[in-house]
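Let's start with one chain on its own, the form predicted on its own, as C-alpha cells.
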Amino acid sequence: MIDSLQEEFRRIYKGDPEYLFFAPGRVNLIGEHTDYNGGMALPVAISQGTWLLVSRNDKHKFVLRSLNVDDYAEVLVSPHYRRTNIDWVNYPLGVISRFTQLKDDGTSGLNMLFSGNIPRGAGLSSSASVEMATAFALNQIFEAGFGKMELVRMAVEAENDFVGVKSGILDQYAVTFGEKNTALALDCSSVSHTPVPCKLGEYTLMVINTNKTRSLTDTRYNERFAQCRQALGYLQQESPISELCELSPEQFENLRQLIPDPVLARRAQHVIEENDRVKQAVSALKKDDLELFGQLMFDSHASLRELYEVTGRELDLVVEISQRKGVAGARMTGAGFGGSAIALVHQAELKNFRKLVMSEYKKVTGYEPQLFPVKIADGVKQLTRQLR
C-alpha cells in the first residue's frame, strides 16, 4: 500500500516524499448531536482513514492533491487564505490558514498528496481525517510544538469558520485521541474522555454505507444546531444551564412547557435523552453487556428518526433490516441525512447479514449499499516506516 502511494507521489511531484502520516476515520457508537450541546458521546477511531505524503518545495506554494479526486489546488504561502471553489481542498486549506494565524513565521511551501479509503459523504468523518492529518503534519514538519488538543481545536475552528460547518469537537477529537480496541467516553463540555475497553467478543462492528452521500454544508445540520440554541434559550428562562445536556430527562420534562414550539421541544428531548443513553451505554460496555448496548443503539436510532428527524428512508431501511437474528444493535452514525449506519453483527451471521442487506436494500432503493467491517484503531500519527 505505502509503496504504491510513494510511486504515485513520485509520478505527480517528480520527487520523493519526505514524510508520511495517517489519520483514521471515526465511528460514533452512540451519542449523536450531543457534542455541540455539551453532552456525552462514545466514538471510536477506525482502521480506515487518510494517508498524507509530504515533501517541501521551493515554489512558495501549498500544492494540494488527492488520489481520490481529480480537482487540485496550488496556493501561494500567505498570511491570509480564502476559500476555493474546490470543496475538498477547503478542509486542509482551512487548517493551513488557522495554523498560519497561530504560527506566523517559518512556514514554507509543501507538496501534499492525500489518499483515503473512507467513502466521502458516508458519515465516517473523512473531512476530520483530512483535517487532522494536515494539522499533525504541519505541526511535525514545521516543529511548531502544538499539543494534540491544540491541533484538535485548530481543525474545529477551521471547519467552523473557514469551511462554514458549525460542527462540534467530536470528530476531530476521536480521530486524534482514538485508541485500539477502546471507545472514548467523551465529555464534550469539559472536552475530556475516559477510555472504555470495547470488547466486542463474537460480534463484528459493520459499517453499512447507504451510498446516499451528503455534504454537511448542503444539509440541515446547521439548522439543527440553531434549533438547539433556540430551545436552550427558552429553557434558560427558568433554569441556569449553559447547555441542553446539563439537564436530565426528568428535569427536562418539568421544564418542557417553556418551549412553545413542539419541533424545538422534540429536538431538545432527543439531545437530552441521547446524552443519558451514552451514560447507560458506557456502563453496559464496562459490564460486557452487548445485549443492552445493542438495544440502546436501536433506541438511539428511533429517537434520531422520530425526534431529531435526521435519518431518512435509506438509513431507516438499513436499521429495519438489521432487526433480525444475529444483530445485537444498529443505528445511523454521524450527522445523518444519508451516510452510514453501523451494526453489531454476530460473526456466525456475517455472510447472511451481508446477503440480506444487499438484497433487501436494492429491492427498495434500486441500488446497492456498501458493507465493510471496521476495527477500532489508534489515532493520528506519523508513520515511522522509512520512505525511499
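In this text, all values refer to a predicted model and were calculated from it rather than measured experimentally. Residue numbers run from 1 along the displayed sequence.
Another form, the form predicted in complex with alpha-D-galactopyranose (GLA), is not on view; read the next lines as being about it.
Using a 4.5 Å cut-off to alpha-D-galactopyranose (GLA) in the predicted bound form, not one of Arg98, Ala144 and Arg153 places a heavy atom inside that distance. For Cys245, no non-hydrogen atom is located within 4.5 Å of alpha-D-galactopyranose (GLA) in the predicted bound form, even though that partner is not displayed. Contact between Thr107 and alpha-D-galactopyranose (GLA) in the predicted bound form is not found at the 4.5 Å heavy atom cutoff. A residue is said to contact a partner when one of its heavy atoms sits within 4.5 Å of a partner heavy atom; Ala335 meets this definition for alpha-D-galactopyranose (GLA) in the predicted bound form. Among residues of the shown chain, Trp51 is not one whose heavy atoms approach alpha-D-galactopyranose (GLA) to within 4.5 Å in the predicted bound form.
Just one of Phe177, Tyr221, Phe252, Tyr81 comes within 4.5 Å of alpha-D-galactopyranose (GLA) in the predicted bound form, counting any heavy atom, and that one is Tyr221.
With the partner removed from view, the residue among Leu170, Ala183, Ala122, Leu315 that has a non-hydrogen atom within 4.5 Å of alpha-D-galactopyranose (GLA) in the predicted bound form turns out to be Leu170.
Contact annotation: alpha-D-galactopyranose (GLA) lies within 4.5 Å of heavy atoms from the stretch 161-169 in the predicted bound form, the single such stretch among 189-197, 292-300, 161-169, 69-77.
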